[in-house]
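Single chain ahead, by itself, as structure tokens, in the form predicted alone.
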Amino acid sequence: MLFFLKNAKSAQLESALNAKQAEDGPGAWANLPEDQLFTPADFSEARAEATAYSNYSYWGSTLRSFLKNKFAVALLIALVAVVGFAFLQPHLPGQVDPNYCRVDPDTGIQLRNIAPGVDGFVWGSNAIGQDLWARIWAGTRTSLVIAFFVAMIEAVVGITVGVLWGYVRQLDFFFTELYNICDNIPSTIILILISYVASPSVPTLILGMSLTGWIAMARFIRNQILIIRDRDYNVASRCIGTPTFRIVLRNLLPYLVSVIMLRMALTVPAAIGSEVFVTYIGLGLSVETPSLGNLINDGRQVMMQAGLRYQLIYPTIILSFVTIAFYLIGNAFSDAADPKNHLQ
């Protein structure tokens, strides 16, 4: 639209000039003073921006690129449905407490190891009569809460440390030595020690996973910052006195959106896997707090009995779907957020 308006204005001025020359003769302009021949053009920020206008939108292009991946979109819809239902499930009618042990009203005996679909148990019951339907969704909520908090803490701490580590040269030695110390301590040992020292709980697991989990994110962000730190536009920004915070916020971090989202998407299944592992070895959450780790550990104990394998299969299906979905969606979004793919 702006292009056509400029062409129309140019044609109008050219027509007026031709008409004036035809009226006064071709030499009519030769005797005019210079201040009448040339009129200074005042600076207008709005008009300057308008002449450089582009309809390119980073997030719009990212969304369009992501929507082209039909498999990732379908997987995202399914993941949102599963996560949404996990948090909505306790508010639906007819739901029971995940720790409630049902008993036979006639005999008073617990309804143990009831097969799925029998006596109102959608996914069966466990060895003490608890409804697996309620426990699996409660365990999914617990594992997702742990994973989301771990991912957010690792992102905030890792990005902050990584940017300072890569951009501020004076801090390079300090963070390099800190990285060497923390990276040589296995995260599994830290989780086990914290589980021994503190009572097993959701905050304890979040603390144990986040204590050294930010190191990988910080190292990755630092390497990316080193690549783009001294590019021409960043050097020019420093030369004109742009504050460091603004350079980081406007010049560096937008370039790293794709890799940051990928790292966060991979942190969620990694945190769920860590929770499952710690609970599997008996150092995780207590039995009163349902989690996917607790459920898989309980199912492992009865997996050799053909009629009770559903206690392992159902939580394993939920765990596998959530972890694989986060991984694949994270990769797809990372590719979509790369500006190089916006030109296709």
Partner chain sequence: MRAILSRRQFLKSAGMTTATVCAAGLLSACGSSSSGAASGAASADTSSYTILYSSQPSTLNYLTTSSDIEMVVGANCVDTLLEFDNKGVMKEGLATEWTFDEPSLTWTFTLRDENWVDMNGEVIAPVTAQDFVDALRYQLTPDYAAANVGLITSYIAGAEAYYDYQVNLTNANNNLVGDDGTTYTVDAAGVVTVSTPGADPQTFQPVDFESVGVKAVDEHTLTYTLTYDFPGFLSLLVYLPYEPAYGPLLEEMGDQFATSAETTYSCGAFYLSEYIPLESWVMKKNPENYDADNVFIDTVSRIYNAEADVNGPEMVKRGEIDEATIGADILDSWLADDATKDLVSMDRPNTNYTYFYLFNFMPFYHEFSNQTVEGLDDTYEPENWAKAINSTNFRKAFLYGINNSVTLAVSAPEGYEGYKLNTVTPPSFCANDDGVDYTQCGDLASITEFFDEAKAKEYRDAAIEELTAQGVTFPVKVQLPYNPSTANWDRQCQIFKQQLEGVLNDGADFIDIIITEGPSDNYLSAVRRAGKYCFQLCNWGADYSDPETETDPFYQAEGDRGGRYAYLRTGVEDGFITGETADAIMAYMSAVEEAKTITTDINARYEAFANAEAMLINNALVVPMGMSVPAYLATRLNYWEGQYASTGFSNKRLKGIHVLDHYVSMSEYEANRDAR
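Positions refer to the first chain, counted from 1. Note that the structure is predicted; figures quoted are calculated from it, not measured.
Omitted from view is the form predicted in complex with its partner chain, to which the following refers.
> Using a 4.5 Å heavy atom cut-off, which residue among 118, 145, 109, 80 comes into contact with its partner chain in the predicted bound form?
Checked against the cut-off, the match is 109.
> Though its partner chain is not shown, can you say which of 88, 226, 171, 127 has a heavy atom within 4.5 Å of it in the predicted bound form?
When its partner chain is considered in the predicted bound form, the option within 4.5 Å is 127.
> Of 250-258, 110-118, 136-144, 159-167, which is the one stretch near its partner chain in the predicted bound form, taking non-hydrogen atoms within 4.5 angstroms as near?
Among the candidates, contact is made by 110-118.
> With the partner left out here, check for me: in the predicted bound form, does some heavy atom of residue 57 sit within 4.5 Å of its partner chain?
Although its partner chain is absent here, residue 57 would stay clear of it in the predicted bound form, with no heavy atoms inside 4.5 Å.
> Any of the heavy atoms of residue 64 lying within 4.5 Å of its partner chain in the predicted bound form?
Residue 64 lies outside the contact set for its partner chain.
> Any chance residue 99 has a heavy atom within 4.5 Å of its partner chain in the predicted bound form?
Output for residue 99 is yes: heavy atoms within 4.5 Å of its partner chain.
> When the contact criterion is heavy atoms within 4.5 Å, does residue 68 count as touching its partner chain in the predicted bound form?
No, residue 68 is distant from the partner.
> Can you tell me which bits of 274-290 touch its partner chain in the predicted bound form, meaning any heavy atom within 4.5 Å?
Counting only heavy atoms within 4.5 Å of its partner chain in the predicted bound form, the contacting residues of 274-290 are 280, 284, 285, 286, 287, 288.
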